[in-house]
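To begin, one chain is listed below as structure tokens, in the form predicted alone.
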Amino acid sequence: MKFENIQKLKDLINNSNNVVIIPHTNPDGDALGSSLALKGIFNKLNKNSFVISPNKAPDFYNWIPYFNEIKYFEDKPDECSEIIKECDLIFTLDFNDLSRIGELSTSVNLSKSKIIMIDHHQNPKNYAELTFSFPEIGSTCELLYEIIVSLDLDKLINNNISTCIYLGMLTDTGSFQYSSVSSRTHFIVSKLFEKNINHNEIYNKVYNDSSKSRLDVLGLALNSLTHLKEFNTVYMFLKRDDLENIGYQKGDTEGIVNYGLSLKGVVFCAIFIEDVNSKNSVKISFRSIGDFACNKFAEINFNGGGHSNAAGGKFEGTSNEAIKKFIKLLPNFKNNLK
């Protein structure tokens, strides 16, 4: 894969000593994997690098290489802001709009450092010195691998870095089932396998190492599952009070929306999750199979966006109100939900 600005990126890296790497708020496997893989590369280059996350990452990702070196802006805003102020270069990974990092965006905007965006979401904002935006690629980790190769740094990729990259590729492609997966995706996986990654262990840690609260949340969601056969659609919901009663932990809802697509004939699924920290706020995740673009659905109707088969949105109000709106919208898309 060829990149127009690769020489400029190479020059910026060569002329930098202190690098900051920022994933989006509520970082998932792709955001963490790409950020920590890039940190691993800078470690090998003997450069100071800091991964600064807007808020805490889910604890079930604590096995990822370099995870314990992440700094959290929500815990130490002054320290993180000072690091950003003193750095030479900032990488923003797996997001393309500074609104995705909340209050941390203020420190980034005040920085005099060059900013590099590496992302695979649609409609990037124009805030970076260099933008590597490729929505057709299935994960930011896959894109990062291509950039590392183009920088002639692939010889630095070791087992730890490969583990991070594989994590992001695995989780952001639905275990390699989405339409964005290509022969190139699998070629890159084969190169990661050459670094002796333990792909069985990675999969099990992500999908088969659940806490009691995570399974309780899954049970609640599945119990709420409603099949709208006329529209080949499923929705689920999680209410704030129920989440609090079962001891919900951050990250417990990740991936649950995918269960809806396992029902025969379903092409579209949504889950409505009431925010435990904010009343009248609902987070929505959408998934689809085939040609139905759930990112467009999310963007037009629920102030969201994402990828064609995986997107998110939000709603101000209760989950009941959000679901009522959702159901009312479906007849407009009936011909596409086949």
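All residue numbers are counted from 1 along the displayed sequence. All values derive from a computational prediction rather than experimental measurement.
Not on display, but discussed next: the form predicted in complex with a small molecule.
The stretch in contact with the small molecule in the predicted bound form, judged by heavy atoms within 4.5 Å, is 278-286, chosen from 278-286, 34-42, 66-74, 53-61.
Three-residue candidate spot R100, G305 and A310; every residue lies within 4.5 angstroms of the small molecule in the predicted bound form by at least one non-hydrogen atom. Under a 4.5 angstroms non-hydrogen atom cutoff, the small molecule in the predicted bound form lacks R240 among its neighbouring residues. Residue contact with the small molecule in the predicted bound form: K114 places no heavy atom within 4.5 Å of it. Looking at K10, you'd find every heavy atom of it more than 4.5 angstroms from the small molecule in the predicted bound form. Although the partner is absent here, K324 sits far enough away that none of its heavy atoms falls within 4.5 Å of the small molecule in the predicted bound form. When you look in the predicted bound form, the only residue of H121, H199, K205, R214 with a non-hydrogen atom within 4.5 Å of the small molecule is H121.
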